[in-house]
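Next up: just one chain, as structure tokens, the form predicted alone.
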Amino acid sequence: MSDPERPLQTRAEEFLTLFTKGAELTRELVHENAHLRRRLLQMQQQTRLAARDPADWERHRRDLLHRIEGLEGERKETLSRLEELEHENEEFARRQVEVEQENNSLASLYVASFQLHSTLDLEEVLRIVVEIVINLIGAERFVVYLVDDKTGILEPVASEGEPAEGLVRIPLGQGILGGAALARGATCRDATASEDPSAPIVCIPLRIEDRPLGAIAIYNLLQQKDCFTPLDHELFNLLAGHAATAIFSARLYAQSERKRNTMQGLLQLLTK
């Protein structure tokens, strides 16, 4: 059958098929053309960059290096500041621990001083003084001396870690201990233990105004304590004042009790 004689529908279908293929080919060509345009723009940009003035490249490179150096400097400064902050935090934490320890010691001293003034019994006062010297100052070997009003000699009345036969009587003003007992403040040497009874490493004078009552002589510290802190020196002075007042009050009370008993005895004799 010749072309003119083919059915009209068949010819229309063939034409539609050819048209569809042509449209697809056209789309492919447009897509490929767009890809080539993009590729051409990239090549032109690379060409322009490659043709840039070398001086401009060098300036751009220096700018980048300067910026890198600036960032490196900022990084080092930040790290340095961070280290300073860490050091400040450590120092703050250390100081906080010290403050807590000082507060605990002062609170303990307050409780101890309250106990000192809660009794008028001399033996009880001396026992409390011994506990304070052990627990707050950290002394291992020490002796508490009181002045004999008649002889002016320091008499040992309480001790810790020191054998009774090793205790000595020392006149006021004589030697290291006798002289330190007349001082207005604690006399402190280094924390090295002393075996000489007349040469303590610490002497805390016990006095009421200008009247010496005695002294606390420390010869050795506990093993865990190897030096004296500023708080220790404050404790020396506070302990001296409170202990001296408590001892003075207890002595006065004992004397008044003896006088009262004597008077009562005389009254009983007179009324018989």
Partner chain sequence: MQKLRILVVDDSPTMRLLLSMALRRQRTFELVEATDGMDALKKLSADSFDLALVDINMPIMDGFTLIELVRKNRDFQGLPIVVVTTEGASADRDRAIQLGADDYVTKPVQPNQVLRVVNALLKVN
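The structure displayed is predicted, hence computed values, not measured ones. Throughout, rigid core stands for the largest set of C-alpha atoms superposing within 1.5 Å between the two forms. Positions refer to the first chain, counted from 1.
Missing here is the form predicted in complex with the partner chain; even so, the following discussion is about that form.
Against the partner chain in the predicted bound form, would His117 count as a contact residue? Criterion: heavy atoms within 4.5 Å.
Judged by the heavy-atom cut-off of 4.5 Å, His117 is well away from the partner chain in the predicted bound form.
Heavy atoms within 4.5 Å of the partner chain in the predicted bound form: does Thr26 have any?
Answer no; every heavy atom of Thr26 is more than 4.5 Å from the partner chain in the predicted bound form.
Does the partner chain get within 4.5 angstroms of any non-hydrogen atom of Arg127 in the predicted bound form?
Answer yes; at least one heavy atom of Arg127 falls within 4.5 Å of the partner chain in the predicted bound form.
Contact between Lys225 and the partner chain in the predicted bound form at 4.5 Å, heavy atoms?
Result yes; Lys225 sits at the interface with the partner chain in the predicted bound form.
Whether Asn103, Ala107 and Glu131 jointly form a contact site for the partner chain in the predicted bound form is the question; each needs a heavy atom within 4.5 Å.
Every residue of the spot touches the partner chain in the predicted bound form.
Name the stretch: of 95 to 103, 141 to 149, 169 to 177, 77 to 85, exactly one has residues whose heavy atoms fall within 4.5 Å of the partner chain in the predicted bound form.
In short, 95 to 103.
Of the options Ala158, Ile201, Ala186, Leu136, which one has a non-hydrogen atom that comes within 4.5 Å of the partner chain in the predicted bound form?
Filtering the options by heavy-atom distance leaves Leu136.
Sequence order please: the residues of 71 to 88 with a heavy atom within 4.5 Å of the partner chain in the predicted bound form.
Not one residue comes within 4.5 Å of the partner.
Aligning on the core only, does the CA of Leu231 end up 2 angstroms or more away between the shown form and the other one?
Leu231 C-alpha, core-superposed: shift of 2 Å or more.
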